[in-house]
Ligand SMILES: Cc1ncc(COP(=O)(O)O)c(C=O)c1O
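The chain below stands alone and is given in structure tokens; this is the form predicted on its own.
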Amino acid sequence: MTSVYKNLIRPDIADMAPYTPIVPFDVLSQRLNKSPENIIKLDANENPYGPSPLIYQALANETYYHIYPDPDSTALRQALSQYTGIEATNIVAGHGADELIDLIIRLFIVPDDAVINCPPTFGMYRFDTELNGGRVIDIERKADFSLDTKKIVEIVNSDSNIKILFVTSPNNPDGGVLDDACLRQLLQLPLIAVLDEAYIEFTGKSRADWVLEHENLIVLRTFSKWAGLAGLRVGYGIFSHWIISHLLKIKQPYNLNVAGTTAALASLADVSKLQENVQKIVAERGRLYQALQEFDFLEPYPSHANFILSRVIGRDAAELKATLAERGILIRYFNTPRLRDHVRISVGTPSQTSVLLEALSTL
């Protein structure tokens, strides 16, 4: 339906492609005509073990849901300081790392400014740049999904309006990691380098402390993956003080709600248990990778995250996803030129992996 007021919408948003999120679990259940307990959900890189048992009691005991939360997330930032080894004054909590991505772009980008995006990668970098009126410069990754560092340097040296570079390590969707030498080279560029470490707990090599040495580096982290809090949206960033002094001017005062904060604090009080779950996922990732190599129609890539990307050989990747979905097994398919013959499979529990492998063996 077209409104007579359509011309009042910002032209860039009117022409903007919408972000396509994962279909909600309850909707999928109805669509597949299967109860949730009969669905194996391996399409969104969620933690199959869920959150710490401590959060349920913590949420039940919380008595201040009717009071606005601490705008500074003081208790959470202090707990994160102990977890990361970084001073609380360098940490900003967010309603998921997604909120911080948006705030970073708002802070630095004005119309005609550009952001470097390195696809295939997380789609929110493009989404938020376009939402804020910035230009997206795509520098495609190489065949092995490593960064084309040489081209990034060339582009930055030829365009003075490039303000931000987004890099994910481990990268989504391939699970590859960025090496130290490459990151150091990127940090020499006259821009803000945002290193998204959403999956870092599954590889263990964080660069959060690099922020203390490089004032143009921002490191983003999340509770969604390792702590199983995807449904509560809690993330945080490690920033230089000079950036934080301006970022806090534009942050919504009550951006992180009471429930999310309570759950995050309970998670940080149960790190050892959650790390056990992380190690289970890492072990199962190894098993899944080895097993996928046995299928002649799949070519999996080594991964340092909680998922494995596989090239599909000799058959249609979209049909493979659809066939598994009919059996209640959900995997991710990306309808993009670079990934049209690929699927991404989140690492589940051993029993979920067994069901997946049994289904693949009958195709």
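As the structure is a computational prediction, the values presented were derived from the model and not from experiment. In case it trips you up, residue 1 is the first one in the sequence shown, and so on.
This protein has a second form, the form predicted together with the named molecule, left out of what is shown; the following refers to that one.
Asks: Looking at heavy atoms inside 4.5 Å, which stretch does the named molecule contact in the predicted bound form, given the options 259-267, 67-75, 201-209, 122-130?
Replies: Among the candidates, contact is made by 122-130.
Asks: Would D102 count as a contact of the named molecule in the predicted bound form, using a 4.5 angstroms cut-off between non-hydrogen atoms?
Replies: No.
Asks: Would you please decide whether N90 lies within 4.5 angstroms of the named molecule in the predicted bound form, comparing each non-hydrogen atom pair?
Replies: Although the named molecule is absent here, N90 would stay clear of it in the predicted bound form, with no heavy atoms inside 4.5 Å.
Asks: Can you tell me whether G134 touches the named molecule? I mean in the predicted bound form, with a 4.5 angstroms heavy atom cut-off.
Replies: No.
Asks: Does at least one non-hydrogen atom of D196 fall within 4.5 angstroms of the named molecule in the predicted bound form?
Replies: Yes, D196 is a contact residue.
Asks: Would you kindly say which of R233, R106, H214, R141 lies with a heavy atom within 4.5 Å of the named molecule in the predicted bound form?
Replies: Only one listed residue qualifies here, and that residue is R233.
Asks: Consider the chain as shown here, without its partner, and state which of L288, L147, I164, A97 has a heavy atom within 4.5 Å of the named molecule in the predicted bound form.
Replies: Contact with the named molecule in the predicted bound form is made by A97 alone.
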